[in-house]
Ligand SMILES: Cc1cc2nc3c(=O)[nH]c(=O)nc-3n(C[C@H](O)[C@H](O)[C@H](O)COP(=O)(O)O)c2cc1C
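Taking the form predicted alone, here's one chain by itself in structure tokens.
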Amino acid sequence: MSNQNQRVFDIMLNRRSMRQFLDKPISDEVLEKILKAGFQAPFAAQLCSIIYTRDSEKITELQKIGAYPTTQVLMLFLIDLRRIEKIMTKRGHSYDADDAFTLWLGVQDASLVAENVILAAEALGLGSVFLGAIPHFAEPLAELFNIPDRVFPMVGLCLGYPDPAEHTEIRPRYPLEFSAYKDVYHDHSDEDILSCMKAMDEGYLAQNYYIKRSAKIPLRKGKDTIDYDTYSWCEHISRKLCQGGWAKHPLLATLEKQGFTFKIKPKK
């Protein structure tokens, strides 16, 4: 493998989320290079746009609503149907598609652009961390960044030069045999699931990940018998998904407020 090819693999395999950044500005030249690389991602319909800002007041406002960015540059990756609909109008066509599927294409486009951006940033010595809860804040974001109807924030990204004082380890992943299947889907046995859980939990416990961040999610019902010595990834992600927290921000309702509509299958 050539040194150049090895460099690409090193960037992908060693990439870590960074949450603390130096007070060092990102130049326009570097930012433009990252953005150009981002938009060279494969696409279905070019349904992605990006808002980026260095505006400290906007970043502070975003902190107030709960997104907690610590960053030199904040990016919002948007699913953008507004632009393609204007193109269609110029061609004499009217949009007539199910937004559910068009949004699905937009998720593909925006995800691929976002991945290109973080890899390009890593190659230039920058670090980043995604803000996955951004869709919950679509309404205040729309006001703060003048986001119109038919455009939706899919994910946020904090970008900056990493603070070397922050020690961040590479996070565990499922063993490959439990995620990549040859020819057909592999429906995991109980033994498989326990092996997956062991790999993830032991990896996070070895790094003291949740202890360092005091990130344990409290149980809303019943007595919590799990302490930080045994609290790990499987319990953490389960608590996120089993206690109805995200149901407070129903995604379909949020999308509809941003001007998206969904064709309902007629009852038989």
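The shown structure was predicted, so the numbers you read here are calculated from the model rather than taken from an experiment. Residue numbers here begin at 1 and follow the sequence given.
One more form of this protein should be noted, the form predicted in complex with the named molecule, which is absent from this view; the next part is about it.
Visitor: Just give me the single entry in Y52, F43, Y68, Y228 that has a non-hydrogen atom within 4.5 angstroms of the named molecule in the predicted complex.
Guide: Residue within 4.5 Å of the partner: Y68.
Visitor: Given that the named molecule is left out here, which of H188, R83, R171, K198 has a heavy atom within 4.5 Å of it in the predicted complex?
Guide: Here the answer is residue option R171.
Visitor: Quick one: does R15 come within 4.5 Å of the named molecule in the predicted complex, counting heavy atoms only?
Guide: Heavy-atom contact with the named molecule at 4.5 Å: present for R15.
Visitor: Examine G125 and determine whether its closest non-hydrogen atom to the named molecule in the predicted complex is within 4.5 angstroms.
Guide: Flag for G125 set to no.
Visitor: According to a 4.5 angstroms non-hydrogen atom cut-off, is G132 in contact with the named molecule in the predicted complex?
Guide: G132: contacts the named molecule in the predicted complex.
Visitor: Decide whether V155 counts as a contact residue for the named molecule in the predicted complex under a heavy atom distance cut-off of 4.5 Å.
Guide: Yes, V155 sits close enough to the named molecule in the predicted complex that at least one of its heavy atoms falls within 4.5 Å.
Visitor: Only one of 91 to 99, 75 to 83, 171 to 179, 140 to 148 has heavy atoms within 4.5 Å of the named molecule in the predicted complex; I'd like to know which.
Guide: Flagged stretch: 171 to 179.
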